[in-house]
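A lone chain, given as C-alpha cells: the form predicted on its own.
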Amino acid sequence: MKTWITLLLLLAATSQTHAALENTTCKSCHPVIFEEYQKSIHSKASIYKDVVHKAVWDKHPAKAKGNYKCAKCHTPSDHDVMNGKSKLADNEIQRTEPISCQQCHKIESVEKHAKVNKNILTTKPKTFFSADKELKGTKVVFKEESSFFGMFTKKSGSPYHDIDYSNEGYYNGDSCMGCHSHKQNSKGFAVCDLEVKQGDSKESCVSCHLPQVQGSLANQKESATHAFHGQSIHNTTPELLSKYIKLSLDKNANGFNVNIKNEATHTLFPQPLRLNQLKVSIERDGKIIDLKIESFARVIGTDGKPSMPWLADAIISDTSIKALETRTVKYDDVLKEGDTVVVKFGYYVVNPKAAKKLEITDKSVTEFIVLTKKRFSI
C-alpha cells in the first residue's frame, strides 16, 4: 500500500512539474520554432543560464536580502517568484524557459512608466497574439467541420489556443517595449535607455529581430517561412543584424574617413556594461598596420567616476551611436595605391574593465564580437 501511495505522489509531482513548463505543449506543434528558442537569449535569461546577469546579481546589495526584482523581464514564467510566493531558486523553469512562449504571446498592451514599463497580459483563456500581414485584423479559432454525414472532417486553427492577429504591437514592435525600452535604478536614474524610434523607419523590433526565415510555422499549417525565434546576437545570430549597420570609406588627401550608418531604430549598445568599438587596419606590402581603436559607450557612474548600475546617478560620457545616425571617424593616415583597409565594427557584451570587477571570465561574453566587417581596396 505504501508503495502505491509513494508512486502516486511521484506521479503527481511529475505532472505538476510538467504543468509548470509552459512550452511543453508548444514544442509538439512548433518544433522548428521551439528548437530555435533553445538557443535564444529568452531561454537563457535567468541567473542560472546568463553569466552576466548572475555576476551582477551576485554583487548586487539586494541579494543579501533575497530581494530579487528582475523577474518581470528575466524570469516571468516562474510565477511563484513573480507573485512573491517563493524566493528565487534553481528549478527547471529557470533553466529551460524563464521567458516562455506564452509570456511574450500573451502581451496585450504595454503600460508606459518612468521607472520601467509594464506588460499587461490578456486575461482571455487560451488566447495568443501574433503577426501575419495576410491575416492582420482577424482572429483564428479552432474549428472542426464534418461533411458527407461525418465521413470527412476538416479542421482549422489550433486545438490548443486561439490566435489574435489584430494587435498592432506585434507588427510595430511595441509589444517588446515592456522589457526592452528603459530601466531606472532605485535612485531614479536611467541605467539603460534604448531611445527607440519605431515610427521613424520602416524597420522595427519585429523586422530586425524576428525576420522571416525558411521552415514551417507549425506541423498543422505548412508554410515556407516563419518568424525567427532564436534571437541572441551575442553568440549565434550577429549576421541577422549586421545588415542594419552600413560601413563606408571616404579617401582624401590628408587621410580617410570611416562612416558608420546605424539603420536600427534604437541606440547601439547603450546597456551599462557594453563596449562598442571600431577596429581599423591597413594591409600594405605584406604588413598589417593597426590604427587607433575608436570606442563608443554610454558610461554611467557616481561622483564623476564609472560605477555599477545600481550605484550610478549620472552619465559620465555618452559616445554611443543613436538610432538612424551616421557617425564619421577620421583617420590621419594617408592611403597609398594598393592598400587594403580592413574595417571591423563590433562590441564586448561586457566592457573588459567591468568584467574584471564582476569576476566574469566566460569567453562567450569577454571576447570581442564582430558585428560586421568590410574590406576596402585602394
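Numbering starts at 1 and runs along the sequence shown. Everything numeric in this text was worked out from a predicted model, so none of it was measured.
Omitted here: the form predicted in complex with a small molecule. The next part is about that form.
Residues placing heavy atoms within 4.5 Å of the small molecule in the model of the complex fall in a single listed stretch, namely 99-107, out of 250-258, 289-297, 79-87, 99-107. Using a 4.5 angstroms limit between non-hydrogen atoms, Glu263 touches the small molecule in the model of the complex. Proximity of Leu217 to the small molecule in the model of the complex: non-hydrogen atoms within 4.5 Å are present. In the model of the complex, the small molecule lies farther than 4.5 Å from every heavy atom of Phe189. Among heavy atoms of Phe34, some come within 4.5 Å of the small molecule in the model of the complex. Proximity to the small molecule in the model of the complex, defined as a heavy atom within 4.5 Å, holds among Gln94, Asn119, Gln277, Asn185 only for Asn119. Panel note: the distance between the CA atoms of Lys112 and Gly199 is larger in the model of the complex than in this form, the difference being 3 Å or more. The gap between the Cα atoms of Gly199 and Ile260 is smaller in the model of the complex, by no less than 3 Å, than in this form.
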